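This document starts with one chain, in the form predicted on its own, laid out as structure tokens.
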Amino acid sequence: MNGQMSKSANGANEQMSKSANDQSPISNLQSPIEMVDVLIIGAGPAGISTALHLVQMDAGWAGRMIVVDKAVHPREKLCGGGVTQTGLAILDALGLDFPAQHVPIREMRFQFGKIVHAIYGDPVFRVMHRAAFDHWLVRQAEARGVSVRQGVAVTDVQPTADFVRVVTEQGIIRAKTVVIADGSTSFVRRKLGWAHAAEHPPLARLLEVISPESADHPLFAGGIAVFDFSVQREGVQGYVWDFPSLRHGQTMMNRGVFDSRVRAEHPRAPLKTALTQAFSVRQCTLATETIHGHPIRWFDAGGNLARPRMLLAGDAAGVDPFVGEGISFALGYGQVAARAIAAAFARGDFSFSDYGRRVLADPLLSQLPQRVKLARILYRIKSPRLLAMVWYLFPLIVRFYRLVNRNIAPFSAAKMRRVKPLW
């Protein structure tokens, strides 16, 4: 039966039966039905990483899966665009050379008021315009024979014992396994009523502004990225970021404010006010019409990451609430999901009952519960004096956490030193 079901993207379509199970709301006419082993919903880093890792294991997977996405790449995505060393290592293991159009960050600064700790590397991480990065990833998958159907929205999902029936704008797909990687506001999660375990929805908030900037700016000249936690004094459970970036070859500054909301019982901070004040400190003018907002789903340690024949990956599953790191974790989800899928087909067991354990056993993804704890501790503090003390002692705190769990941070405290603030 596997051989019959795995003709996917290049296989023959059969006409939809007249049974009630296969009546589709998309058309009054009969719609085609495709059979596929793996359907990946979402062509972002998590979905494409899953496809790339499957093909890396066995090139034959390219003909056994389809990736669908409602958007057409390159499509805009609100994101700082930072890819850390862990994400770069995953891409390297896939045999992918990072694109040239990016800014290498050699100095990463954690700032609170006048207290600034700098971490150095060659690079610490790389910044790439998110739309360009995702488009590049899609092209890598297509070059390996993966069928990526863009501009195809999913309108309904119906799990059954033997397959998942997915209705799209172009027809019906019966998939043995579905990877749900359609982002923080996942349509599929909502359609399936996939609840979270936390008392409050694990959603962070962010506002982003991208504006032209001179290549002579100190952040460009020094390859510096800033995480400014000074806004904690205004009740923001996060920071303002300043990332030098490139967009269509033009030097740009990617700035924004991230509010984790891990302490949902605290009042919501006015993010536009915090961002306006941050721009003022930087002697910049914030044009409100350039502000864009988006939620981020962070990892819910008690949440269910899988159902029979279905897996959550990337932002749909949850990422880091401490600094909002998403790309590297999304790439990591793809690696774990691919291994779980290969094991399911090898055993003939599609319950995915072990997927949550696989996530927590992964060297990268196992950091997520620790980062949730760290965020809950740090963002609980309201006293400006206590916050200043915490940030003054930040290198010691990082060193202590690394003694407890060496995976807690993607950097070594030994590389950290105090520097003067830029503003």
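Throughout, we count residues from 1 along the sequence that is shown. Worth saying up front: this structure is predicted, and the values here are computed from it rather than measured.
Same protein, other form: the form predicted in complex with a small molecule, not shown, and the subject of what follows.
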Item to complete: Identify, from the list Val68, Val36, Leu52, Val359, the residue with a heavy atom within 4.5 Å of the small molecule in the predicted bound form.
Response: Val68
Worksheet item: If contact means any heavy atom within 4.5 Å, which of 337 to 345, 263 to 271, 295 to 303, 115 to 123 contacts the small molecule in the predicted bound form?
Response: 295 to 303
Practice prompt. Spell it out for me: taking the small molecule in the predicted bound form, does every residue among Gly183, Glu208 and Ala330 have a heavy atom no farther than 4.5 Å from it?
Written response: yes
Worksheet item: Could you tell me if Leu78 has a non-hydrogen atom within 4.5 Å of the small molecule in the predicted bound form?
Response: yes
Item to complete: Evaluate Trp194 for contact with the small molecule in the predicted bound form, applying a 4.5 angstroms cut-off between non-hydrogen atoms, and reply yes or no.
Response: no
Discussion item. Considering non-hydrogen atoms and a 4.5 Å limit, does the small molecule approach Arg130 in the predicted bound form?
Written reply: yes
Worksheet entry | Residue contact check: Ala153 to the small molecule in the predicted bound form, 4.5 Å heavy atom | yes
